[in-house]
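One chain is shown next in structure tokens, namely the form predicted alone.
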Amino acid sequence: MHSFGYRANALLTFSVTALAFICAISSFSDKFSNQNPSAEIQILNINRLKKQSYGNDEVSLTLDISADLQSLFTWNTKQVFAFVAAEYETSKNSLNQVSLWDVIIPDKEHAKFRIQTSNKYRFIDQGHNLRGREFNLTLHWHVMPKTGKMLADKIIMPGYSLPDAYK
């Protein structure tokens, strides 16, 4: 006969192994979901393009953001973190990314939205490289599952530019 401790240990080990196996299978099932998010971002207005007192350029934009991220939600999705970033090149850096706006989407019902807003975070370049600069607006998202690996992807929207003169 085995002792109570030995039996409890065997039962606990089996339970944890079975739970890990179920979590792995459920996480793997997300690979078969059809994800086709869509987004469109328009710049409604460039509110301000100015040179700050210590030499950096700062831009304030009014954005019209519409997105349908409902296809990212499966039974295993806890929430989705989405953000819009301005991405551009300078002579010093091949990629500059500035986060302009973000949102945490808790469920599928809130994953289709349209919002008109000014940039939530300051669009500042270290230096005076923003005048006349072409840039991309990119919608990034991170899918946070209940179990398994966090997934990230993005939609790049090119073809935006800033004015040549300060406003």
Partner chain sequence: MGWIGETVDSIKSIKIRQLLTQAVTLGMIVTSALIIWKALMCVTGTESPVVVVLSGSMEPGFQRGDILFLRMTKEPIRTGEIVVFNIDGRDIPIVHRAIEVHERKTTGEVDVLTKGDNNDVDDIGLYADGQMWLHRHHIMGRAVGFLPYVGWVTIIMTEKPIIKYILIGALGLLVITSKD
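Residue numbers count along the first chain shown, from 1. No experiment lies behind these values; they were computed from the predicted model shown.
The form predicted in complex with its partner chain is left out here; the points below concern that form.
- Contact annotation for residue 48: none of its heavy atoms lies within 4.5 Å of its partner chain in the model of the complex.
- Its partner chain is not shown here, and in the model of the complex it never comes within 4.5 Å of any heavy atom of residue 77.
- Remark: residue 166 does not count among the residues lining its partner chain in the model of the complex, judged by a heavy atom distance of 4.5 Å or less.
- Of the heavy atoms in residue 25, none are within 4.5 Å of its partner chain in the model of the complex.
- For its partner chain in the model of the complex, the listed stretch (58 to 66, 110 to 118, 34 to 42, 136 to 144) containing residues with heavy atoms inside 4.5 Å is 136 to 144.
- Contacts of stretch 106 to 132 with its partner chain in the model of the complex, defined by any heavy atom lying within 4.5 Å, are made by 121, 122, 124, 126, listed in sequence order.
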